[in-house]
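Take a look at this single chain, the form predicted alone, given in structure tokens.
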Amino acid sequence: MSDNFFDIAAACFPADADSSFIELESGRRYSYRDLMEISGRYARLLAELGVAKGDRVAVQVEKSAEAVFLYLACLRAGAAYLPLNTAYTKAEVGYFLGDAEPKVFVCPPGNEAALADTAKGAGVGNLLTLGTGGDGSLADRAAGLDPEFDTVACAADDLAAILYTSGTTGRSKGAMMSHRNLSSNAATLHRIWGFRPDDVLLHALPIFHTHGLFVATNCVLMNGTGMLFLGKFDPDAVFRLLPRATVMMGVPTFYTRLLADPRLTPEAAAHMRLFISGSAPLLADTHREFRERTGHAILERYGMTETGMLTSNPLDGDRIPGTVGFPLPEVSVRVADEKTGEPVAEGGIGVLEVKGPNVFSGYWRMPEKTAQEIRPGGWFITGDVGRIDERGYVHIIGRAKDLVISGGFNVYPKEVETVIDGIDGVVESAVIGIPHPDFGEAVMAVVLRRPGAAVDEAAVVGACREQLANFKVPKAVAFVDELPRNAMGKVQKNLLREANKGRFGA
């Protein structure tokens, strides 16, 4: 058998092909037979369009069952799947298409006219569309094709996906994920989280993101069971479906919103086996309150775009609030000095580094950046500051590169600062993350104006909305007479965070 992740997952599919794979909020169900047939037709279409092993397929579509089948079709065709956040603007999409040079770009039917010139300018030969109801040119052209498709054999190190992650310089980097990266992580998570033959996943996450696609969906595939598929997180839908689910994966925002609802009771969660949280730090208070309200201790884990999951609190054992648990089996995590890379003393604080079969192979067409962030011994420098306690639990203390995680999405300050600094009348800006009860962290801009400049909060927010995805737009703007600096002239963002940490009452 090849090491193509699709083949590995398919070996776990149920013997009864009519078993449910995806059930939509509308009640429509897709079986494993549908999975094989629709992904087979999509894969055949990709092959007829000239997509060969290693070619990229870029996808910016709304969440749907068909979008999952397209992901699987790319694996079957040997292509590298390139999911794009649906919030990305036309300018941002243009950068990704120009950098990745995909053979095919898929967008919603309603966006085709707006993105046609962008795709053409980036040299994309095939622009197709896919809607949430299975409509669009991709589905239309695939409809009459033979669903039987022989999955392209791939080696473990062959490219399976490229996921773009923002860079501190403002230039996004494409993390190259291999079939081994996907399969090793999925198999490990499936095992350590104790998936059972009767498990049903409540899926309310986006699928352009590691969490919703490579953690949630891949675990379901490896279990050969079904999921209740929500287009987005909606408390009413969640409470309606909880009695039929056994596992839920979410970002901290999901859990804070559930806690704000009086319907969250032990009875509402009685059918659930496991609640999992990730993508952003879960406040210890949220963990404790959720346990008090439901009797369930949320299982928090830690991962990154470049590595999939690294650590997890135990299924059986103490799930300690404020920690992200132990390194996964076959994954090594160490705490190192940021400059030298030498391990720090036991219990000491430093930058977390990781090595294992889950770690990506490098950044797409950025060998220098890859060399900077993966040490010769194979250790990837996460940029997160942490420590490992005497019991082996990993604690995340901060982020060495000022990354802001808002609602589970990564925001690098430099990208936002570049937009704000380009506004007429702005001298300089500093973008920080401050505690927020719903989003975990909120993006905040601290701005230094030229004397007499008529720049206000609306101007800053408006400029950002025009050029950036909505999750990167500041939720608060403050104007100052000067920015605090150290002796070397560097802005002291820690002082800005401290001064503004109570703005949202978190």
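Just so it is clear, the model here is predicted, and its values are computed rather than measured. Heads up: residue numbers just count along the shown sequence, starting at 1.
One more form of this protein exists, namely the form predicted together with a small molecule; it is left out here, but the text below deals with it.
Exercise for the section: Mind telling me which stretch in 274-282, 430-438, 327-335, 139-147 gets its heavy atoms within 4.5 Å of the small molecule in the predicted bound form? Expected result: Among the candidates, contact is made by 274-282.
Practice task
Name the residue from L72, L213, C154, M304 that puts a heavy atom within 4.5 Å of the small molecule in the predicted bound form.
Solution key: It is M304 that has a heavy atom within 4.5 Å of the partner.
Problem - Contact residue in the predicted bound form, from D402, D158, D384, E92 (heavy atom within 4.5 Å of the small molecule) - result: Going through each option in turn, the one that passes is D384.
Practice task
Considering only heavy atoms, tell me if N410 and the small molecule come within 4.5 Å of each other in the predicted bound form.
Solution key: N410: contacts the small molecule in the predicted bound form.
Problem - Partner proximity in the predicted bound form: H287 to the small molecule, non-hydrogen atom cutoff 4.5 Å - result: H287: no contact with the small molecule in the predicted bound form.
Practice task
May I ask you to check whether K103 falls inside a 4.5 Å heavy atom distance of the small molecule in the predicted bound form?
Solution key: No, no contact at 4.5 Å.
Handout entry: 4.5 Å heavy atom contact, A116 to the small molecule in the predicted bound form
Key = Answer no; every heavy atom of A116 is more than 4.5 Å from the small molecule in the predicted bound form.
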